[in-house]
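Heads up, the chain below is alone and in the form predicted on its own; it's given as structure tokens.
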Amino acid sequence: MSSLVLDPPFGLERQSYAPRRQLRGLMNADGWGVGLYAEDQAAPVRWRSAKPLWGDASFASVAPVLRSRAVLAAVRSASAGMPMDESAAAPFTDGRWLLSHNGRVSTSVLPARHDAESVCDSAQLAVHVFSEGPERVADTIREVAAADPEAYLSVLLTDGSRVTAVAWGDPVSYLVAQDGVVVASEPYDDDPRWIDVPDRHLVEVTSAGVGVTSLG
């Protein structure tokens, strides 16, 4: 976990206080979360906090011994009026799936759901994507965007064996390395192999490789 979140020169820890590509807000001080898959667990496990990642000594001490074949990690910059507790921090979960959301959306355009983890917009969007089916996330994001044209709807999902991302209003990049694929809101280093995903495109990562599709 530390090699993905803490060690890179521009990794999530650095992005929590000095992001390089963030389009809105100056930092991500309103919480963080990681989700990972353990071999003896059917569902992913999560560690979330409402504290800034840069000051969390407990996570820094444990991260070097946390290992998984798939990880989803996020830091949070809360939108005005949204709750400031760990239940509002991504990743959100449903069964095998983990989801994070960069951006904002009016909850008035989302179906009223009482099973969301939080009243915050990202949690409400997550439960909507899960209920519609992660395999149709592209259609769901297009439908939400049509209902709220001012929304920013970049999302990242994984079930531990595949990764799906939508770039919609906030940046997404990916890196294909020898030991796996990283999909991120911004590159965690200056490796020239990082590829920027055009806005309003879908990224699908499977054992067959990486595919990028326009969402029109």
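Note that residue numbering follows the sequence shown and begins at 1. Small disclaimer: the values here were computed from a predicted structure and weren't measured.
Only in words, not in the display: the form predicted together with a further copy of the same chain, which the text now covers.
Checking 175, 70, 38, 151 for any heavy atom within 4.5 Å of a further copy of the same chain in the predicted complex turns up a single hit: 38. At the 4.5 Å threshold, heavy atoms of residue 111 reach a further copy of the same chain in the predicted complex. Using a 4.5 angstroms limit between non-hydrogen atoms, residue 23 is distant from a further copy of the same chain in the predicted complex. In the predicted complex, residue 55 approaches a further copy of the same chain with a heavy atom inside 4.5 Å. a further copy of the same chain is not shown here, but in the predicted complex it comes within 4.5 Å of a heavy atom of residue 107. Across the proposed site, 138, 142 and 159 without exception lack any heavy atom within 4.5 Å of a further copy of the same chain in the predicted complex.
Only one of 96-104, 127-135, 77-85, 142-150 places residue heavy atoms within 4.5 angstroms of a further copy of the same chain in the predicted complex, namely 77-85.
Counting a residue when any of its non-hydrogen atoms is within 4.5 Å of a further copy of the same chain in the predicted complex, the hits in 62-78 run 62, 65, 66, 67.
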